[in-house]
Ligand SMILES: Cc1cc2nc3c(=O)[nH]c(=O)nc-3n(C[C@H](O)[C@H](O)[C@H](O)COP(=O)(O)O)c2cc1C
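In the form predicted alone, a lone chain appears below as structure tokens.
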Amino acid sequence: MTVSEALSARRSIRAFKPDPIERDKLLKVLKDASMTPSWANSQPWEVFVAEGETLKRIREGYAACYKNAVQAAPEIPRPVEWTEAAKKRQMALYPDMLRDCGDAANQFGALNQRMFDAPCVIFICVDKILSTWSLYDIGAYAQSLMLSAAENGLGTIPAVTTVLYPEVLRKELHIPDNLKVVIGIAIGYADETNKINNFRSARSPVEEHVTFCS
């Protein structure tokens, strides 16, 4: 698979099979991601992999938070404002999902809360002493991970809902206090029988965001 093919193959999977990921395959994906470039080779990513009973307890902890209307507290603040162009693209998401998935689109909220029923969620953290620039490196690491996953027949989805309750994650994953939880990436085998996975978000033409200056 070429890089271009991996970029085209990668999509956000919103429903996974329960099948566990083979350990050698998961290690291959993580090893590939470790080749990501970073500022002065700082390699700021700290990675925690949740599977099995640990992931089950995390889901149960999140379910209790949702039930008790606990206020979400992601450690990387959500955007406060969006550009008009971004708002326009976001507004098209649900209508496009309905077009591609029909009634299956109604599962989206519940699947989000269950971390898409993935058998594994990879949580990426960064040391609190580092500047926001290191988030660029974290984003690059996440992309490398997802492209390798695509090459290895695995689906992924990065989602803020995976990191809404960091106190639950800290308890179950033993994340030290010096680290900040950045993002979680659900990973596993896509459930192709669920029509919600028919959806692929649109991409704007290159001409809309690229300016050539000769």
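Computed from a predicted structure; not experimentally measured. Note that residue numbering begins at 1 and tracks the sequence as displayed.
Only in words, not in the display: the form predicted together with this ligand, which the text now covers.
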Here the chain appears without its partner; judged in the predicted complex, the stretch of 24-32, 41-49, 54-62, 158-166 with heavy atoms within 4.5 Å of this ligand is 158-166
Note to self: Using a 4.5 angstroms cut-off on non-hydrogen atoms, would residue 183 count as touching this ligand in the predicted complex?
What the structure shows: yes
Original post:
Can you check whether residue 72 is within 4.5 Å of this ligand in the predicted complex, heavy atom basis?
Top reply: no
| said: Does any part of residue 92 reach within 4.5 Å of this ligand in the predicted complex? Heavy atoms only, please. | reply: no
task = Consider residue 11 of the chain shown here, and say whether it contacts this ligand in the predicted complex, taking contact as heavy atoms within 4.5 Å.
result = yes
Looking in the predicted complex, the residues of 191-214 with a heavy atom no more than 4.5 Å from this ligand, listed in order, are 201, 203
